[in-house]
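Two versions of one and the same chain are coming, encoded as structure tokens; call them structure 1 and structure 2.
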Structure 1
Amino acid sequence: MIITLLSDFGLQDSYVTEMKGTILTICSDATIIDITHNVKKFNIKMGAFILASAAPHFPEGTIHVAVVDPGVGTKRRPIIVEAKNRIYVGPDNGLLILSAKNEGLKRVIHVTNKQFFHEKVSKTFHGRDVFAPVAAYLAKGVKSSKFGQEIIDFIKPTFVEPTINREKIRGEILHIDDFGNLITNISQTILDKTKALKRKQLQISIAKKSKILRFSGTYGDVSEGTALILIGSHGFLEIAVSLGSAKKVFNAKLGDAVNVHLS
């Protein structure tokens, strides 16, 4: 069974290794894959985007453990999220929902059965003492219903779903990559549904800046320094600048509003 790990722990300390050791102690034949441990500290949105980008490329049945958890030790709940083809384990803070929703969210379990926790649970390290053992027991075949009760009031972050009306699609910048490309939470499916994909160009507003941008297949379809829009490799609308940085051109930051005008 494959178990993936994503966190904001970095690699300087022993946190990631402690999680792996916990998993292997319970399920010695687990295959553990690191997605990344370099999520910006406490940045739930960045973690959610990276998880949603990586998860679909793993086999069905993979268990994804994600820990970007500024609320560790508080009343925030540990959860298991069952999606169509994969299982997600982590905190109830929105981190898991984008990926599960894109795949097809089935149900969410509030993990309360301490039988599946570490013998001693640290209030500051649920990654090792709650999420890692829960994932390991899932990998051993324990049904998710054994861990707790289904809930419907789980955290649904605003970045999961843009709003749509006749005039515009209102989304936000979900991620800014190292090239300065602005990746939004507006999916190809939404653009297709609103018939925006059929247009050769669209008026895009980012914060207070508005430009009419050409739809392109790839970055090199326009001349150097020209801004464009395209569907990126993760299936979301992306604003880019050929051989340049859209982040600099639009003076954009994570979470900025992005409006796609339809009228």
Structure 2
Amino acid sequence: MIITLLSDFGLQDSYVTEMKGTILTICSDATIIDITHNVKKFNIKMGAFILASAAPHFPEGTIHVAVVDPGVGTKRRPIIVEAKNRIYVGPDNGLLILSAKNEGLKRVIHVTNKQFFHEKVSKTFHGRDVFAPVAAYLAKGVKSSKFGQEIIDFIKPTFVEPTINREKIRGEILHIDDFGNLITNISQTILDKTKALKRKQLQISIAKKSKILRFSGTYGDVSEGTALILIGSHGFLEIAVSLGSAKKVFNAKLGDAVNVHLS
């Protein structure tokens, strides 16, 4: 059984590995795969985006544990989210729902049965003391109904949706990857609907800079240092610089407004 882990814990401390040891103590034949532990601290939106990007590539039945959890130890609830093909475990703060909805959310369980927790639950590390053991017991075949009651008032993540009028599509930078590519929340579907996808080039404004950028199939289609736009590997409009960093060239940061001019 595959269990994936995502967090904002970083790779310096023992936190991630304490989760792994806990899982292997309960379920010795689990295959544990890291998604990333370098989510920006407390950035639930970034965690949700990365989880939703990664999960569809895992086999059916995979258990995804995600912990970006500023509310650890407070009243925020631990939950199991059953989706069409996979199961998610983590805090009730919106982190898990984007990915679950993409594949089809079935139900959300509020995890309350302490029988499946670490013997002594710390108030600061539910990754190790709650989420890891719950995932391990799920991997061993315990039904999710054994962990607690279904709830319907779970927290839905609020992602900014692009707005569209005749003149422009107004979106924002959803994620900046390690190459400095700017991934927007403007999907291929939206670009298609507005016929922007058929054009060879688009005028794009990022923060206060405005530039006409050409659509390319891939980064290497243009010469080094040239900015371009493309549909990235997850289906969103992406601004990139060939063999360079769009983040640096546009001096861009997460959440910056991105306008696609249509007129």
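Because the structure is a prediction, the values reported are computed rather than measured. Only residues modelled in both forms are compared. Here, a residue number simply tells you its place in the sequence of structure 1, counted from 1. Under this definition, the rigid core comprises the largest set of C-alpha atoms superposing within 1.5 Å between the forms.
Working note: structure 2 is the copy from the form predicted together with a further copy of the same chain; the remaining copy is not. Of the listed residues I44, H126, F159, A136, only F159 lies at a hinge between rigid parts moving between the two structures; the rest are more than 12 positions from any hinge. Superposing C-alpha atoms between the two structures reveals a rigid-body rotation of the smaller part against the larger of 21 degrees.
Once the two forms are overlaid on the core, L182 shows a Cα shift of 4.2 Å between the two structures.
Relative to the superposed core, shifted segments between the two structures, defined as three or more consecutive residues with every Cα moved by 2 Å or more, span 160-232, 235-263.
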